[in-house]
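Take a look at this single chain in structure tokens; it is the form predicted on its own.
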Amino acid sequence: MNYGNIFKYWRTVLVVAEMSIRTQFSDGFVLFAIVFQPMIIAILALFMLREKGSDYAVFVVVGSGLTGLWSSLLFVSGNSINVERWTGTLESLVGMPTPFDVIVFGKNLANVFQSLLSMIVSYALAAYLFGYPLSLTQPILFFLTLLLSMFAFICFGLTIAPLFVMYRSVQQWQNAMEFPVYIMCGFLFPIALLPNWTTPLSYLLPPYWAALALHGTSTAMMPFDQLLFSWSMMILFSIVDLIIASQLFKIMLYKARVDATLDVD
């Protein structure tokens, strides 16, 4: 996987992202995952914390948005290659002149970008339905963290997409991976409430560091040195994910172009 192609074919990335967004906004499952499910989670959590103040509301807004982002990454980005196989277009895509990694990157960019709708919907619910005066205490740091988190999620999506298409046994765990990540990554409550033995597992999950940094910058409860450490961990995991994805794409493309077994495995 040549990541220099992402910059070389940036126009293609944007076109693929635009086409993916147009297609997925007519998909009921995608709309439920990135809009309605986070909205339901936000309503329940805000109702339970309605007397706790706006700080808790901001935490819920960010957390419910992250649930939509993770669901989109797991089901939409994870199946971004599988969809092409199911529709019979995978072989054509891997054989065309445009690098296949450019197409997958554009699809993942669209998935992560449209998942930001979850946070916007949650913000609107908290501000208007429950009357919370929400505001970001560190808006610049928050949006920088959001951009870095989007990149980290895209890199993670590049890893799981070829895994799901090549190893069916991994994809069988797809549904079971959704809610444990909500809990282990501290989307809606701190991981300090969990048993101590789960903490190292949380540290190994890239979404945890994104959630930690987004929660910290939205409420100004995180010292700057800890924020830098969270950013560093997201960058580190992004690099690791890109290295792993590079090897997985080589195996996948070999199966598609040489072995011609990808569609029958």
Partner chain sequence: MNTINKNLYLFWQGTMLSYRALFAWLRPVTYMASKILMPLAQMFFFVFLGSYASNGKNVDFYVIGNAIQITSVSGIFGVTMSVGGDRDAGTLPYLFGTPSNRFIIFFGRAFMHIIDGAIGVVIALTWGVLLMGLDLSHTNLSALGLTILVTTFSTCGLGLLMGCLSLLTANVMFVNNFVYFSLLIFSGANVEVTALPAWMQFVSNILPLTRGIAASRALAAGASFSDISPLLVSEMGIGLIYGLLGYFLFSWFETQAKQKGTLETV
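Positions refer to the first chain, counted from 1. No experiment lies behind these values; they were computed from the predicted model shown.
Keep in mind that the form predicted together with the partner chain is not shown, yet the notes after this line are about it.
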### Message
Quick check for you: of 56 to 64, 226 to 234, 212 to 220, 199 to 207, which stretch puts a non-hydrogen atom within 4.5 Å of the partner chain in the model of the complex?
### Response
56 to 64
### Task
Look up in the model of the complex whether Leu193 has a non-hydrogen atom within 4.5 angstroms of the partner chain, and give yes or no.
yes
### Query
For Tyr123, is any heavy atom within 4.5 Å of the partner chain in the model of the complex, or not?
no
### Task
Indicate whether the partner chain has at least one heavy atom within 4.5 Å of a heavy atom of Val240 in the model of the complex.
no
### Query
Tyr128: heavy atom within 4.5 Å of the partner chain in the model of the complex?
no
### Task
Go through 172 to 199 residue by residue and record those having a heavy atom within 4.5 Å of the partner chain in the model of the complex; state none if no residue qualifies.
Gln172, Trp173, Asn175, Ala176, Phe179, Pro180, Tyr182, Ile183, Leu188, Phe189, Pro190, Leu193, Leu194
